[in-house]
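Just one chain is shown here, as structure tokens, and it is the form predicted on its own.
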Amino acid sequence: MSYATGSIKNICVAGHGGTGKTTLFERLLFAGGAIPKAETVESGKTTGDSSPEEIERKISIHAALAHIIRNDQKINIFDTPGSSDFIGDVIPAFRAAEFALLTADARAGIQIETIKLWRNLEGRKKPRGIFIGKMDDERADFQKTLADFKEKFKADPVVLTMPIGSGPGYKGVIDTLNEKAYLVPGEGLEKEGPIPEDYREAAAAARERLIEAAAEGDETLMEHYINNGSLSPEEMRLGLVKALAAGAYIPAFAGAALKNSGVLPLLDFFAGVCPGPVDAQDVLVDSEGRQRSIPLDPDKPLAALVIKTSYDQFSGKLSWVKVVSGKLCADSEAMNVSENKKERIGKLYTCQGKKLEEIRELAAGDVGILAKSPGLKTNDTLSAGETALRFLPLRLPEPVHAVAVNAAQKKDDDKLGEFLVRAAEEDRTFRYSYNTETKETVISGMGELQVNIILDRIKQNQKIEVETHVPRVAYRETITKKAGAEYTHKKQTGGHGQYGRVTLEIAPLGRGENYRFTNAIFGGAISKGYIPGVEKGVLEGMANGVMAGYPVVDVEVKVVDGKEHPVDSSELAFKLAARNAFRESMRQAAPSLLEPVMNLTVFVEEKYLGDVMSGLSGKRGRILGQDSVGGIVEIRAQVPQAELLRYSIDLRSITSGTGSFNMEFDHYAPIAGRIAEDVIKAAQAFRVQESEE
């Protein structure tokens, strides 16, 4: 069955690992009648965690999608991973949803991944709320968690459901919007009842705060509230809808999902108050990179974004699609704007976790799955006709943990590459490439856990043994003073010989200028027709420096003199002469090694700050500054790449697995002394090993 844009809601459940996201997801589906029985994570049978890796490790690794029909609304719900290693599956859900519900543990308070996700949502101006779960556990404290939330996010949440007791004394929640209690059921769904006498005063105060939030959503309602001191139930609902769509307040909910408590009022809030596609926009980019926002519009021609790619052993390649305008129909054609070619649309599906349900069309605002569309990939734009406009790609972080890999058996190398390419299609934070400079196959991702899970999957499913090692760093060589040299290439083999003489002068350029070539010959000592051969020879010489064989950068090269032979000269002869002249010039120009330096941003709890700063100093890091937001410190530094090859493992050890970081290349910097000597020795050993192979 197809639902119109105005009857669709897209919700994302996200948060720190272990805060109960998958349990809440499962209980929402059960309460909404989408599944007949709610399973536990420990059983390995939940709708959200269905892959072998998730069942074995009892954590979410992939985003799951399911839907509920509630009050004539189709509510699509994403369950997302909590580990920073799998942020690549959270970002597509953030892009597709109009509302994000962050989960928090009533015992632990607001944890680091939740803070980072909040920052991401803040940057998107995405409406969001918080569900404080596990209220039935010992040490659960709703008010303390709310206070922690206020301190860390500088926001005062509006309580929609408040707990009745906590720990062993937990009895259920009070719905402050509808003024009723939901009691913990013995089994099945929670039961409605009156608000307990000793909670009525607190519930009335929470409702008054709710009325104020509703009034702030509309000027007319605010005027009505000021004049009458209250709002009608319908005015409240209308005001809450408008204010939430504008991000004017943060709704807070309580519950104990494992006991099916706090779930029904949350579902009613999704259906009745949460913003839907009609309140949202997306961003298009033209061929020159200019951006413009467009509203979700069912009356416009088709425009849809592929937000995720996955593979199923029975259904093959699956493309997850968010329709932004028009409608997407099965057995039709659409233009793949990203590839500038037509795409055949075969079968369309909606899903309940791993279970696919065939449908005929998806309306604007809906999320569904295309099966067996081999030409589609994540970030592709589907359109009704030819256009230069495409959707802004997903904003994904750069990988931070890299490993060099190869198949233990040479015959498996191609097969290994095939499955690494597929893994990179499924998770766009995972990268696979062959580094021609270091002659290594390198995979990289958001952390050791993500990379190891992918390699374990290949080993178990494809029976390929994979060897791993730390990747080589792509160093560079340069010069530090001016120099010059002459070289004559002369060879006589019978018939036409080879002859070319080249005199070069070289000089250092500013860091990052890379290369400049000038023909400074006057008088025609070398014909213009041979100058391209000279430059080719220089570039060949720069490809392998004289210190450790690394590429040469930031050098100005001038051809100042030379000599040619009327019969034996050729472009090849001048190329060989120039290559050797450059290498000889470089030896005299005080060559030095350069290493890549990265911009590093580390996110840690304040209690680990000293250890992390000390660790960075020990890695030759230069601290640029730090900011503290709600107990989480953001440290900015510049650190040589060679010191960061295992940093994801080091940081996890220092911070008990709570810290994370981003990094990107910034510049090359000189190295000398013992460090340079070690780099040169390692390069020489690598060349010996390579020649033996």
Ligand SMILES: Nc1nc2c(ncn2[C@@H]2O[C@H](COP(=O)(O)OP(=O)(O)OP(=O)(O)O)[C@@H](O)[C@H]2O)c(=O)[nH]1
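Position 1 is the first residue in the sequence shown; the rest follow in order. Note that the structure is predicted; figures quoted are calculated from it, not measured.
One more form of this protein exists, namely the form predicted in complex with the named molecule; it is left out here, but the text below deals with it.
Mapping the unseen interface onto this chain, residue 365 falls outside it, with no heavy atom inside 4.5 Å of the named molecule in the predicted bound form. Residue 616 falls outside the set of residues with a heavy atom inside 4.5 Å of the named molecule in the predicted bound form. The named molecule is not shown here, but in the predicted bound form it comes within 4.5 Å of a heavy atom of residue 41. Though the partner is left out of this view, residue 322 does not reach within 4.5 Å of the named molecule in the predicted bound form, counting heavy atoms only.
Residues with any non-hydrogen atom within 4.5 angstroms of the named molecule in the predicted bound form fall in just one of 649 to 657, 58 to 66, 29 to 37, 634 to 642: 58 to 66.
Residue-level contacts in the predicted bound form: of 447, 92, 82, 239, one residue has a heavy atom within 4.5 Å of the named molecule, and it is 82. When the named molecule is considered in the predicted bound form, only one residue from 489, 134, 74, 579 comes within 4.5 Å through any heavy atom, namely 134.
In the predicted bound form, the residues of 16 to 31 lying within 4.5 Å of the named molecule by at least one heavy atom are, in order, 16, 17, 18, 19, 20, 21, 22, 23.
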